[in-house]
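Encoded as structure tokens, the following chain is the form predicted alone, with no partner shown.
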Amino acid sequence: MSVKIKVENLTKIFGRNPKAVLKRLQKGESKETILKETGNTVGINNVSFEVKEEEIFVIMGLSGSGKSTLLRCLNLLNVPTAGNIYIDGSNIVEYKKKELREFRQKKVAMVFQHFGLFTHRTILGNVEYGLEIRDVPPEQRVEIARETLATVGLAGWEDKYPHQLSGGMCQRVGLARALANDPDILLMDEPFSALDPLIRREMQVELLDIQAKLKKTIVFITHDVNEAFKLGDRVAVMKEGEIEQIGTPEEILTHPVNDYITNFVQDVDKTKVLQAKHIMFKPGALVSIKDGPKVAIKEMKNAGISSVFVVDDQRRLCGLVTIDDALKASPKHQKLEDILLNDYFVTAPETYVEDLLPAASTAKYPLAVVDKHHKLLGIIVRVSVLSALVHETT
């Protein structure tokens, strides 16, 4: 995927004469010293990263880490003190008023934590708002708003008002209002943090479903590490205005770069982060459907196993053979296809470990991981699933 957003050496300082303070920061003075001696606050300090097109890029950190300050720089609600922000190769820091207005109206949209809905407008009227600003004709904007509300599951609620909706539904309206302008980029500032846990989980699933259909570039802010790892294709962890680590959830979980990251992720529920592809391994023995029971017996004895998966010449999974059935079939000159079993669990590589637990607890044979063409990618034994439950405690 191509790079949609490129941030270079971005710094944001709040207070009087930030350019003068910038020089002190660049000389290595601490945020604490700068605040004490100048009254200026360093929001973000020399941050660089890239966001790929159609990626969900999550920025997480504790309160005061600078994550929301950084997000607001991406549409220049916060004007950077130094650095560059390239969107599709164009540096928005250099935009004039007209260019910035067009950028905000057409290229990027923001979803806020507390919905930001107009209480005097209907749900339809709220979603239409951005289209009104762009002078979209009334009939066209009504049609777009209705279609967008249907996308977020709110068809039939057009004539209601915000006070008549639940928190989760209001957040769907906020999301619909952002989507109505068909922006390339969605900036989401802790959009689910005000919701009850159950509704929050539902909205996370809803966002992933919408992303699968619309394929936007999303920058998502959260302080919840489990939410970050569930939603993010990649995650950036911030601390005191700087990025400590960027990586996939698995990379951050399994290869933290320092003690801060280790402590930050130690309570993550790994079963909700790790997928089948992360814990599977290539089978030590496989048998071709063209082989006979004797070959299957030899493979199982050499590998020290009591069952083996059988594949065709395209490595598509045909079934499983046990040592007992192979031993019985060999003297009878039976073919492997005559003794194939299908009494095993098959899963996709993207299946989360938490969803594998019921199968792993009862499975008699290894779990088979296959792609959409039923090609065998790997196998998972019970111990692999159980080991994913263990949290690092040191």
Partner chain sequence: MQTFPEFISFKLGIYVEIFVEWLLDNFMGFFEVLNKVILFCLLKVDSFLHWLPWWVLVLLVFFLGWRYKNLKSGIFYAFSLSLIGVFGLWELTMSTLAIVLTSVALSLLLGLPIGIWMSYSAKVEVVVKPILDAMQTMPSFVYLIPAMMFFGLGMVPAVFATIVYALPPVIRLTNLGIKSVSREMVEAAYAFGSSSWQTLVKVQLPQALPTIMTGINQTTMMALSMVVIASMIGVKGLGYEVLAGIGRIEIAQAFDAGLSIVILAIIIDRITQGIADKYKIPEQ
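For clarity, every value in this text was computed on a predicted model and none was experimentally measured. Positions refer to the first chain, counted from 1.
Keep in mind that the form predicted in complex with its partner chain is missing from the display, and what follows is about it.
Contact with its partner chain in the predicted complex, judged as any non-hydrogen atom within 4.5 angstroms, is confined among 224-232, 294-302, 160-168, 240-248 to 160-168. The partner is absent here; in the predicted complex, the one residue of Tyr86, Phe281, Tyr260, Phe118 having a heavy atom within 4.5 Å of its partner chain is Phe118. Between the options Ala109, Ala276, Val152, Ile218, the residue in contact with its partner chain in the predicted complex by a heavy atom within 4.5 angstroms is Ala109. In the predicted complex, at least one heavy atom of Arg72 sits within 4.5 Å of a heavy atom of its partner chain. Using a 4.5 angstroms limit between non-hydrogen atoms, Arg316 is distant from its partner chain in the predicted complex. Using a 4.5 angstroms threshold between heavy atoms, Phe264 stays clear of its partner chain in the predicted complex.
Put simply, Arg172 is far from its partner chain in the predicted complex: not one heavy atom of it is within 4.5 Å.
With contact defined as any non-hydrogen atom lying within 4.5 angstroms of its partner chain in the predicted complex, the contacting residues in 170-185 are Cys170, Arg177, Ala178, Asn181, given in sequence order.
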